[in-house]
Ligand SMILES: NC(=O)c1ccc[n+]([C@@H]2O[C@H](COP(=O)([O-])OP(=O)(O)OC[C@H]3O[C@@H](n4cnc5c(N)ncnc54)[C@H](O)[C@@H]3O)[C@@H](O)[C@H]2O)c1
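Here's a solo chain for you in structure tokens, the form predicted alone.
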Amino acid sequence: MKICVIGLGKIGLPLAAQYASKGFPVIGCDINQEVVDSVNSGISHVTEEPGLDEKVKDAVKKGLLSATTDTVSAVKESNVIVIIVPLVVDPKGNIDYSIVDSVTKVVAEGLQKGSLVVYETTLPVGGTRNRMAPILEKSNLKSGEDFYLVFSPERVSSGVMFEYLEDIPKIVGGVNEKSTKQGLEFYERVLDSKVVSVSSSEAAESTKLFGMVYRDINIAVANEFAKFCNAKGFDVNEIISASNTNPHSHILLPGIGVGGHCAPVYPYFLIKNAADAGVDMVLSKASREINDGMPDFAVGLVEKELGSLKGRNILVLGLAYRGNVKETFLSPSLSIIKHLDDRGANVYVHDPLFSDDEIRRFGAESAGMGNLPSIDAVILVTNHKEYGSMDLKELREKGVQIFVDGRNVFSKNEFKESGIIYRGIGT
């Protein structure tokens, strides 16, 4: 078995390394020549992924992992093709298929009879059968007969890829029974986790979307609870913790916003699917509005204490959407920067993972923690480990009047003697 992985990003490269670690030859495909050169040198371009550097180096050394920009040739010599490229939405929630469509057309050019094609890229319900299959069949091969076609959603997360690949069951659903069987056999050979088959590719697509929408709605409920607690002076964390002692309660924690490629994006896939079926996903749409509104809510907490923000110096801690991961896709920080800018504030951003130039590209001034200017307020967006031990006395000396803790990293008690007003999300 020879495997082709298309897309060597934060998910694709760990998948390729995982398959190679099981002794199978893997060809990774990417349009970025620098990425290809790095992999062929045995070096992972993906950082902050424990274990990946060693797996890539070892696989290349053993001749089990290589990379190329020639996807057609890689597909021709492979038995299994795994596609993991981005599928995103525009600001109005419309799906942009351009990347996955383009990749699928290239796969069709090299597709061989008897091959297994797997989409791990999250697709709307019906996307595998109704959109991807017709493109692949331009190869003059019939899906489910001449080649096998499966949807198997990635259910992983950057920074814990190999843990998730080992612990979280793998869902497999094909366009027919033969395809599902081939998908099962493949994943049972390359993963250590349990592999679970569902009745169809549509069921597999729905599995991923239902899970993401559930999470988004749960976070939105927590955020509404947090707003209530802010208004009443309660501690939302205390109350959620007590509520979750009931085995039927599984409330997640509130926060300053939801970022990344999953929760802010995939609910729109299901919302669109439902609208086409005449179903109005009221909760899903409301949850998106609530979670997208949290950055504005956080800025409002600052504005309530300081009054007008015009000319005020505000420090935003964290540009990344998640702690200790260098990724800004739909990060709440970007929304916060815009809200502050719209109110006339002078915005400073600190993030240990980004250079000064990288931060300035997002419309804010970079600020080092050791040489801060006079600051009126701080908004913590990202729970980077570096922020867990800040010197509150130093912040007060810089003029900080209010600290908004967007991830509830601290507690009010830690700020009692600092002279700084503390506001968490619901605390």
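Sequential numbering from 1, following the sequence displayed. This one's a predicted model, so the numbers in the text were calculated from it and none came from an experiment.
The next section is about a form of this same protein that is not shown, the form predicted in complex with the named molecule.
Original post:
Given that the named molecule is left out here, which of Arg288, Lys208, His350, Arg312 has a heavy atom within 4.5 Å of it in the model of the complex?
Top reply: Looking at Arg288, Lys208, His350, Arg312 one by one, just Lys208 meets the 4.5 Å heavy-atom criterion.
Original post:
Tell me, which of Cys29, Val56, Val26, Ala377 has a heavy atom within 4.5 angstroms of the named molecule in the model of the complex?
Top reply: The residue from Cys29, Val56, Val26, Ala377 that makes the contact is Cys29.
Subject >> Which of 78-86, 300-308, 333-341, 137-145 sits within 4.5 Å of the named molecule in the model of the complex, heavy atom basis >> reply: Residues of 78-86 come within 4.5 Å of the partner.
**OP:** Find out whether any non-hydrogen atom of Ser355 is located within 4.5 angstroms of the named molecule in the model of the complex, and reply yes or no.
**Re:** No, no contact at 4.5 Å.
Original post:
Contact between Phe225 and the named molecule in the model of the complex at 4.5 Å, heavy atoms?
Top reply: Judged by the heavy-atom cut-off of 4.5 Å, Phe225 is well away from the named molecule in the model of the complex.
Original post:
Do Thr328 and the named molecule share at least one heavy atom pair within 4.5 Å in the model of the complex?
Top reply: Thr328: no contact with the named molecule in the model of the complex.
Original post:
Quick one: does Ile11 come within 4.5 Å of the named molecule in the model of the complex, counting heavy atoms only?
Top reply: Yes, Ile11 lies within 4.5 Å of the named molecule in the model of the complex.
Subject >> Residues Ile6, Ser102 and Val156 all lining the named molecule in the model of the complex, heavy atom within 4.5 Å >> reply: Checking in the model of the complex: Ile6, Ser102 and Val156 are all within 4.5 Å of the named molecule.
Original post:
Within 253-275, which residues come within 4.5 Å of the named molecule in the model of the complex, counting heavy atoms only?
Top reply: If the 4.5 Å heavy-atom criterion is applied to the named molecule in the model of the complex, 253-275 yields Cys262, Tyr266.
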